[in-house]
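Single chain ahead, by itself, as structure tokens, in the form predicted alone.
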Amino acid sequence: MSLTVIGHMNPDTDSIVSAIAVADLLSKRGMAAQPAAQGKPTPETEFVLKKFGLSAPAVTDDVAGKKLWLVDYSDIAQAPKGLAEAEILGIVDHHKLGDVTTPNPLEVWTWPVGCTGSVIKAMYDFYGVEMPKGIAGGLLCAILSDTVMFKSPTCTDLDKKAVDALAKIAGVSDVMALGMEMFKVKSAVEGASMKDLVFRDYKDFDMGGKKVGIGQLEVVDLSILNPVKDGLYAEITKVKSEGRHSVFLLLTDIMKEGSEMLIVSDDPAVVEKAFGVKAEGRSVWLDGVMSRKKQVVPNFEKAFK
């Protein structure tokens, strides 16, 4: 049986490209593998796939009976339907270890770096497998995206070294120009529905027994989102009404290096507990906050205890 390599719900560039890369690496190690995704690529990911000649993985919503490798997550809340009836053989990730468990030993690469792509570069090196040019370009973009072009506090020296090495393989001479080109695509909101924008990079979390949703939109200039802020707020209000205690949407300005956070919560005071900033109205500005993983989720987890 072929292995299925699949990333988290509402897949971003790291999740999609990591599935493609790990499937390639496993296949070259003698284990037939296919990439899969829990949704279609975002505009940013479509740009990356097209630029480097990669094909989007097949969309899979049920993995019952399959042999799996998970990439870019290890939380059951971000997994597809049927996970309990699947066999997990490997995990490649850069987040905290989640609540996935297995009856058998498995191969796990979980590193404290800014992007799963950086871990995968090390895996290719470890196994002595040559990386295809297109996959190198895709992983390079995934790292630039996840680390917000090295501005995120999640970024490490290992991420920067991986980018240097991947750029050589992919034939990219100006990494930052590529990053800006990618983020301009990521910033585009014209023609997108409010639901698509909210779920472009969105995850649910269990915090103190409460279901909490946190989304993020990263743009080169926050003013791009001014025409859609009311619509975004209305959409997260709707998402909260579907059984969540709170929904927060980070509107991240990558040039100003901070985020405006839209808030819909049964207890808005949790924002002040988490960040020391009182929520007056429907949003707060969080200076220097760029990373959901490192600066937002841990703060909320403490506040919800």
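Since the model is a prediction, treat every value here as computed from it, not as a measurement. Start at 1 and count along the sequence shown; that's the residue number.
Only in words, not in the display: the form predicted together with another copy of the chain, which the text now covers.
The partner is absent here; in the model of the complex, the one residue of D99, D221, E130, D174 having a heavy atom within 4.5 Å of another copy of the chain is D99. Of the listed positions (I91, L217, M149, A136), a single one reaches within 4.5 angstroms of another copy of the chain by any non-hydrogen atom in the model of the complex, namely I91.
Stretch 102 to 110 is the answer when you ask which of 160 to 168, 141 to 149, 102 to 110, 188 to 196 has residues with heavy atoms within 4.5 Å of another copy of the chain in the model of the complex.
Among heavy atoms of L83, none comes within 4.5 Å of another copy of the chain in the model of the complex. The closest non-hydrogen atom of H95 lies within 4.5 Å of another copy of the chain in the model of the complex.
The closest heavy atom approach of R282 to another copy of the chain in the model of the complex falls outside 4.5 Å. Residue contact with another copy of the chain in the model of the complex: A122 places a heavy atom within 4.5 Å of it.
Counting a residue when any of its non-hydrogen atoms is within 4.5 Å of another copy of the chain in the model of the complex, the hits in 287 to 305 run K293, P298, E301.
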